[in-house]
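As a starting point, one isolated chain is supplied in structure tokens, in the form predicted alone.
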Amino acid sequence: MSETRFQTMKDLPSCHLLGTGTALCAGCGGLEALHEIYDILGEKTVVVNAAGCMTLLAVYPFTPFRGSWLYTAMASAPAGAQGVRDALDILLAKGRLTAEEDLQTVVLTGDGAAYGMGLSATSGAIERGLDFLYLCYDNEGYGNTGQQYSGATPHGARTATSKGPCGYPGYKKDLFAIWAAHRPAYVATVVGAEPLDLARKIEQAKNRQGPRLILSLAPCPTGWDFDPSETAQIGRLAVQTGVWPLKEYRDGQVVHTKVPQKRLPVEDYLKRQGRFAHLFQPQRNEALLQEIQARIDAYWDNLQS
């Protein structure tokens, strides 16, 4: 930021929030979702931000958040959130903080922390019943360090560390199911390209207490290799092909909030991304394409059985 006279981001017009002084990639799907999420959560928040792409939002001593912001190591955000929430509760109990002044504790991480490095700390926080909202922007790889594969990388995708002819040999973890198995207060999947569905789920999460997860698919132009102008279209295709089911876990039940009645072929999604180009060129990998399609078909078929 060139104008150092601002002491806080509160002095800036709202159009600059989550934009000023950042070094994020054009077309970032994570930032697309975060814009929408933060519009609803507002400034009465403490954002505990694990190391990752979104830590580039802050340029010391400034952050683009109107509320408070805390940086942690990649594996430590839920532990940091525990300390923040405990401190707020102590201040409330001692009367040094009113209920109107209370802040919502929010964890912000990428999939590297959510699916991998921070999963143990997250599980512990859920088991303790920590009252926090966990926001994960899932760009399906370690995007801030060159798009190495993570626990969220889909089968067949080429990454900086999966360069073989068939791409990543593993399979994406089901973080939604891992969270739901803990019986938390709320879990939901979202994508910035479906803003009405996203807004409703943020309202649901905001108005509940206990551990809550918002898991957002974050199309990544640099890591997935597509033009930044296509971010929203890639997000919509992920839903229309059934690759990214929009669903929520609440009151012990899983409900799908947007079911594609006529799913598009998964190829329509894969062909738009350079990370899957090896499945089509120099020759078509029919077996792997059929495997990917079959896994998606099986998911949706099981819902109807």
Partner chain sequence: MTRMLLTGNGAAAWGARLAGIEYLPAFPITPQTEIIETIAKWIDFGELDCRMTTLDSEHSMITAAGGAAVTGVRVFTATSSQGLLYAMEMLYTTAGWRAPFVLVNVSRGLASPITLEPDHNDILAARDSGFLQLHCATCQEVLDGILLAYRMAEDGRVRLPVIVNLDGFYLSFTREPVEVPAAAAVARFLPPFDAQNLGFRAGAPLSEAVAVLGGSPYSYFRYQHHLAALNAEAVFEESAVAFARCFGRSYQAVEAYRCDDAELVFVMLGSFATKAKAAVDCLREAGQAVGLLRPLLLRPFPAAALRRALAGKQGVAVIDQNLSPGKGGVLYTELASALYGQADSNPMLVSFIGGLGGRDISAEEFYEMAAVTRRAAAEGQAPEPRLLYAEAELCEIKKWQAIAQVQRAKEGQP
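Residue numbers count along the first chain shown, from 1. The structure presented is a predicted model; accordingly, all values stated were derived computationally and were not measured.
Below, we refer to the form predicted together with the partner chain, which is not included among the displayed structures.
Though the partner is left out of this view, Asp174 does not reach within 4.5 Å of the partner chain in the predicted bound form, counting heavy atoms only. Contact annotation for Leu70: at least one heavy atom lies within 4.5 Å of the partner chain in the predicted bound form. Contact annotation for Gln273: none of its heavy atoms lies within 4.5 Å of the partner chain in the predicted bound form.
Remark: Ser76 counts among the residues lining the partner chain in the predicted bound form, judged by a heavy atom distance of 4.5 Å or less. Checked against the partner chain in the predicted bound form, the candidates Ala87, Ala199, Ala232, Ala160 yield a single residue with a heavy atom inside 4.5 Å, and that residue is Ala87. Note on the partner interface in the predicted bound form: the residue among Arg236, Lys258, His35, Lys44 having a heavy atom within 4.5 angstroms of the partner chain is Lys44. Comment: 52 to 60 is the region of 52 to 60, 26 to 34, 262 to 270, 248 to 256 lying near the partner chain in the predicted bound form, near meaning a non-hydrogen atom within 4.5 Å. Candidate site formed by Gly151, Ile178 and Arg212: none of these residues places a non-hydrogen atom within 4.5 angstroms of the partner chain in the predicted bound form. Taking a 4.5 Å heavy atom cutoff to the partner chain in the predicted bound form, the contacting residues in 107 to 136 are Ser120, Ala121, Arg128.
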